[in-house]
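First, one chain by itself: the form predicted on its own, in structure tokens.
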Amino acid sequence: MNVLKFGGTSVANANNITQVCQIVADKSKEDKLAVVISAFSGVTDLLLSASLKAAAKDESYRELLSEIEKKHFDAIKELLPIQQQSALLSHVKRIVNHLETLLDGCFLLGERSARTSDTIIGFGELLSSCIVAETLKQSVAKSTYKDSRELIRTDDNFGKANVDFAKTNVLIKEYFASTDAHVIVLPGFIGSSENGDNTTLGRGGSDYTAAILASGLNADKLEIWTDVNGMFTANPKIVRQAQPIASISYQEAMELSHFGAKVLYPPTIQPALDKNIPIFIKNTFEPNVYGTLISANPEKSQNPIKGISHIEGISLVTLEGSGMIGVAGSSKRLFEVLSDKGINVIFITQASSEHSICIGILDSDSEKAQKAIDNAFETEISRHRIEPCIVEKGLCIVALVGENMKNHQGLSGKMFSTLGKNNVNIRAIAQGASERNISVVINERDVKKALNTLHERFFEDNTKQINLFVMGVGNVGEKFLDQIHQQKKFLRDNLKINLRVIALSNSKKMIFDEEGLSLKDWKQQLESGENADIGRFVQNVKTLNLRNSIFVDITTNQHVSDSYHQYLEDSIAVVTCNKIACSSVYENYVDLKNTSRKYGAPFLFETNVGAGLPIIDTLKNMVASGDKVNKIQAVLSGSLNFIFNNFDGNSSFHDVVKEAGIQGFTEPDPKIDLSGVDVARKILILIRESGYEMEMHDIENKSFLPKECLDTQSVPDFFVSLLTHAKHFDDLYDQAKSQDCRLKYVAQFENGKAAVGLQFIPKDHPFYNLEGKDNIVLFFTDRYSDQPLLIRGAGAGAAVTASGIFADVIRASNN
């Protein structure tokens, strides 16, 4: 004998019922079956709502009653041939008429007793089961219907009746021994008291009905048929990468069920556990999928974690005070108060000092609990020995569950560090001595991020999903997105990093997609985006609250750089090629670095100096290892190096600067490059990263531009001034040539002083043969005193800058 239970979604409509009947027909060829049926999906809620409306004298309950009737009549008309419909339609009509009488009574009395409520909400299973039973007779001749109220005896604890197993088991065995039917269809959820009153078995009652029958019949197995492929490693609606669990123990299943795995409810398991009856969780709509087997001896797994579950809508209630220390019975009084009020305690933790005890309950019980506790401890509170109880709402419990967790060290540490890195604050912690469950209480707004982060850590082969929010999609930004698109598979396969671009913004438009933007047509998507707004962009990033988030700034905008603090304080990493923040006032630079450390959010800006060259990273490693930088000499502008390498007497300075802009080597306003401000920012950043305090105004800027060029107010005016002062630039070239030197724009730091400016570089200097757009940096340190550490390579261009940003994104991802 096997017992099958079909949930509400499995019998939601005629098509689904047809599928159920096919499954039962196939199964009945091999075994005798008891088939438990839930109410049609949504009907129990309609019944509950109708009863409440009727008791509140709201006549709209009649509309709900009509909806319930129509739903069942429609199913009958689709499922049965016309000539077979009449008897069943009449039977259903009689049930509906009885239901109408009860609702009318509630309306007339203006109240709804617990006993009446149980009778009303049990009608859903009575209606659905008789329809399924009649439909099944078309494919299984030896099938029949049996009312569960005639078999399951309970007390009169209406709403959640307690089963009298001694009497129930006798009734079950007697009936099944007496029938020659091969398939028996029964309504779930309902029973009856010794007095004959209708009762219900509480949440998950249809599952419980099936387990009661399985236990009473000593069934070979119990199958719970639902709309998912078994129990999952996490809620698949929240964690898209969640995987079905093939095999799990009774205890693990109970833990997951307790902590919100809605595919099964804890009471269901106990009767089957007592008889060691295996439970299968199966999908009605994919019947050939294996599903989940719950048994005493599940298959062993290398992963000690079986699943991650959660309960939302939790309040933490804290009772604390010196009056609890060493006082016997404080905890007893607290729990008695809650028990008397019918409040279920879901979570408990107590400080070893006995100064406080913290419990987790449902939000809906929090106000009742607070009043009851404060009343119970009124004397101690008035004497200031105990504080009035503190209630924090809007929380969530997240639990790691696994039978084998006790044999693996460090799981708690991995859990806490994983949450901490994503700015998920843990409000309370509980772990039983069995180590089968580690539970934490967190803010409800963080639940999606927490579940996905933990699932990624424990179930996804350490593949880390990185969510990028990119501001600035010009030349460099476009190359950056191209590189991500090209390397996405490589990163996933080789570095276990799954990069997703969640948001893009330019100066006009911005677009967000929580599931990740397609990089094949991002330009078209961005064109149809909403109007760009830096403040709203920041708020959207925070509202999405995704794990492993990185903000990527590929602009030269000061307002964008001013937003870095907001990201870092929310544990969102910042990767930037924008030099403004790190070359701003020293206090702001230090504050950004400290904020990064405080919240564990990387703040990376390798491309601030030398585009894709590993200059800052190398410098950081030297300083971290104890080396001291004494002197820096550098050509830090690929733009200026390109310009002076191509300013060879054959073209005007104006034309060379124009060409540099066309090739993307200068800023849109080339005066930023030629004025030396950009180079000054770069050397300032290197000085600060070397451990020295310096401000921008401390750097001497020896400009080679005439004052009229510097004073221009627009880009066209600037280019006009270059033509006007052509002789000035020609003279500089001629002077350098006469000395057998080359023009290079050099940044230098030594003895606490820094300067930037144009220099004549002789042939024997390392800078002389610096070609194209290359940069070069010489670090003179305690360890590199005789021969400086030299870093050289392309220091400008969209592709190399984008690659530097990409490298920082990878560094942040590996943090």
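Predicted model, so just to flag it, every value in this text is computed and none were measured. Start at 1 with the first residue shown and count on from there.
Note that the form predicted in complex with aspartic acid (ASP) isn't included here; everything after this is about it.
No clash is found between aspartic acid (ASP), overlaid from its position in the model of the complex, and the backbone or C-beta atoms here, as no atom lies within 2.4 Å; the site counts as open.
Among 129, 206, 637, 199, the residue placing a heavy atom within 4.5 Å of aspartic acid (ASP) in the model of the complex is 206.
Site residues 469, 505 and 553 are none of them in contact with aspartic acid (ASP) in the model of the complex, judged by any heavy atom within 4.5 Å.
Though the partner is left out of this view, residue 480 does not reach within 4.5 Å of aspartic acid (ASP) in the model of the complex, counting heavy atoms only. None of the heavy atoms of residue 775 is located within 4.5 Å of aspartic acid (ASP) in the model of the complex. The closest heavy atom approach of residue 51 to aspartic acid (ASP) in the model of the complex falls outside 4.5 Å. Although the partner is absent here, residue 756 sits far enough away that none of its heavy atoms falls within 4.5 Å of aspartic acid (ASP) in the model of the complex. Of the stretches 60-68, 766-774, 785-793, 34-42, only 34-42 has residues with a heavy atom within 4.5 Å of aspartic acid (ASP) in the model of the complex. Residues from 122-139 that approach aspartic acid (ASP) in the model of the complex with a non-hydrogen atom within 4.5 Å are limited to 125.
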